[in-house]
Each structure stands twice: as structure tokens, then as C-alpha cells.
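One chain follows as C-alpha cells, the form predicted on its own.
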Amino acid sequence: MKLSSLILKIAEKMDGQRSLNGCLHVLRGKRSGQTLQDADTFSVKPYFSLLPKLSEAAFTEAAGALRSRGLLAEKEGLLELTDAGREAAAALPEYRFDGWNYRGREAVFFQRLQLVVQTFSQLRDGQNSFLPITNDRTVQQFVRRLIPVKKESWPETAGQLAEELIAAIRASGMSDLQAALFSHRLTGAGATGWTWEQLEEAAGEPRNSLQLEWLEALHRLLAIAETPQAENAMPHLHKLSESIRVETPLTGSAAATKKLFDKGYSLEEISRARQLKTSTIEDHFTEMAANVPGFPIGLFVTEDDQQAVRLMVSDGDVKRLRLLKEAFPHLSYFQLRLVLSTMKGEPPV
């Protein structure tokens, strides 16, 4: 899996509506109102915040490779797929990322898993003292609570965890490469997890590609481990997935704005109370409109205007604010963004 493939997937969704930087902001998980709205409007939430540390140089190189193959083009600063690009995007597999709901917390899940596997492996070999794979005290304390008090239960629990892992890997549908990457990153007694350099040499593929495969494998595994059914079928893995999924879809600042809005504060009153710009509070409101069921958009946009905007978006697949503003000059950009936010990237009913 290549970074260029993810860019092509996102570009396919944003085709002709956003600049190349829009793709970069989604992959990095930028918390601006525009990017948060784009994630919803263009249905690219699975890719949101997958690569928060993605360098601009790596992104530019991957996008340049797509251009050189004649798959991407730019018109008036907006990203467009060529006919060949649309064919290439359609030929790509459906990736199983869930960036919006994990936002990097899959790394915490893997740290927990690494440590619990290492711990049971060492205890099984009679080693009660060892150097933990992670120095994160929160992870260490979490794993410590999973270790049975009675020593005689250790071998049985270790065996159960191993069976759960095998079952989850099979149920996840991850590829053989992904399963190999996943298992080789684990550490046990006498078996240190492989470095990315070692994996790169063994697989004969670039590290960035392998890391994307590994990341999707984690998301696939989490999707199995966090289900209600796994609580009984895979109790240890289910416990390790606890609190990994982001509980609230709102960013911290938007959640603070929502609390005041729920108390009856107006947008202007919230702006004054929080000492934030009105535009920032408007960003919070569009985030709320996209993620809070039952958001009262009618307080800001009439039903007739909502339907008119939705009809234009649906009929013409127009999601650029400038074009919508030209069609509805009496509506503010804020009002238009609210309507787009409630559409969830789908045509209106």
C-alpha cells in the first residue's frame, strides 16, 4: 500500500472541489473548521488523522508520482482526477481504515498488546523481572490490572490470549503481509520485535508502505476486538481495546462551546464568554452540526433555504462554498457551511 494510493482515494472524493492541500490536511488530521467539514462533506473520515506526522516533502513526492503517471491534474488551484486517474482509483481496494474514530489511539492499543504479550511470555518462562517494552506508566498500569493474581492462572490466560489473537487476525481479513508485520512487531521472551529496518529488508518494500499496511491491520483488529460480541468471545483483546475509540466526535474546544450552547448561550455570547473570535465559534458550530444528532440548524437557516442548497449540491455535486455563495447571495458562508455539514457527504433525501 502506497501513500499515493491514499491520496488518490481522497482526491477521488474531493474531485474538482478542493486543492491538493485539502488531502494533506485530512491525512494529518488538521483541526481547522474547513478540514473537519471536508472530512464529513466528502466522506473521507476513514483517512482523517492517519498520518499526523506526514512531512510535506513525502506528501509532495507521492502526489508528484501521481501527476507524472497522468492520474492527477490541477485546474485553477483545484485538484482533479484525469480519466486514467478515475480508472486507477476505481481499481484500488477498499481500505479498512477508521482514522476519524481512532485518531492515533490505535498506537496505545498496540502498546498495551505488546506489553501484555511480553509479560505473559516472560512469566511463562519463569522470568518475573524484565525490562518492559514501553516506559509509558499509563500503559504499564493498564496491563498490570490484566495479570491474574494467582500465578497458576498465568499459563492458561496466556494461552487464551494467543487463541484470541489468532481468531481475531483470521476474522479481521488482514492479508498475509499484514499478519506477518503485526506478529513480527511483537516482543516475547527470547524474541525481540523486529525494527522497521529489518522488516523493510525482509519484505523488500519501502518502510512507508509497510507502515500503512501495519496501520490498516491494527484498525482491522480493533474493529473485531471492540465489538460487543468480543466481550465474551475475546475478553482479553476486548479489554485491551477499552477507551481506544474516541468517545466524542467533537474536538475539545468545540465540546466546550457545545456546553455553553446547551445552556442557551447565543453564538455571540459564547464568543465573548470564551474570548474567542466569532469565526472560531462558527467553526465549532459547523463541527457540531456535522457530528451532533438533532443539531437545531433551523435556528440559523430556514427550512426553505436548507432544501434549496441541498438540492443544488445533490443535482450538481457542487460543494465549493464560492459557487454556492454566488447561487445564494443572501446566505452567509457560515450558513452554507452549516447546511453542508448536515449532509454527511450524502445526497439529501
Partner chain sequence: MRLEQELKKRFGFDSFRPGQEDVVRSVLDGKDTLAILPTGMGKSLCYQLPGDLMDGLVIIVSPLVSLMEDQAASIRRRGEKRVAAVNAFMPSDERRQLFAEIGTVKFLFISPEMMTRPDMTRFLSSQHVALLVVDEAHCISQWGFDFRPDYLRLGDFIRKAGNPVILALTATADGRVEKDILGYLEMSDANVFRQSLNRPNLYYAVQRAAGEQEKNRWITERLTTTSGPGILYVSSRKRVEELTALLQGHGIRIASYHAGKEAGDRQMIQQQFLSGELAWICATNAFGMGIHKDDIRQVIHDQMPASAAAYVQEAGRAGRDGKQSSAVLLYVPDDEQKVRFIVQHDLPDEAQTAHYLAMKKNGEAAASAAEFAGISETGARLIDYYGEHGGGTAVTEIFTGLRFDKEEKLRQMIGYAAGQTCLRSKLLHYFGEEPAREQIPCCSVCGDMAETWLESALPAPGERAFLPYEERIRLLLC
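Just so you know, these numbers come straight off a predicted model, no measurement behind them. Residue numbers count along the first chain shown, from 1.
The next section is about a form of this same protein that is not shown, the form predicted together with its partner chain.
Chemist: Going by a heavy atom distance of 4.5 Å, is G193 a contact of its partner chain in the model of the complex?
Modeler: Looking in the model of the complex, residue contacts with its partner chain include G193, since a heavy atom lies within 4.5 Å.
Chemist: Can any non-hydrogen atom of T251 be found within 4.5 angstroms of its partner chain in the model of the complex?
Modeler: Residue-level check for T251: no, no contact with its partner chain.
Chemist: Heavy atoms within 4.5 Å of its partner chain in the model of the complex: does S266 have any?
Modeler: Taking the distances in the model of the complex, the answer for S266 is no, it never comes within 4.5 Å of its partner chain.
Chemist: Answer for L131 alone: is it within 4.5 Å of its partner chain in the model of the complex, judged on heavy atom distances?
Modeler: Although its partner chain is absent here, L131 would touch it in the model of the complex, with heavy atoms inside 4.5 Å.
Chemist: Tell me, out of S271, S121, N208, N101, which residue has a non-hydrogen atom within 4.5 angstroms of its partner chain in the model of the complex.
Modeler: It is S121 that has a heavy atom within 4.5 Å of the partner.
Chemist: Just one of I147, A233, L92, I166 has a heavy atom within 4.5 Å of its partner chain in the model of the complex. Which one?
Modeler: Filtering the options by heavy-atom distance leaves I166.
Chemist: Looking at heavy atoms inside 4.5 Å, which stretch does its partner chain contact in the model of the complex, given the options 68 to 76, 101 to 109, 271 to 279, 195 to 203?
Modeler: So the stretch in question is 195 to 203.
Chemist: Among Q114, N135 and R170, does every residue place a heavy atom within 4.5 Å of its partner chain in the model of the complex?
Modeler: Every residue of the spot touches its partner chain in the model of the complex.
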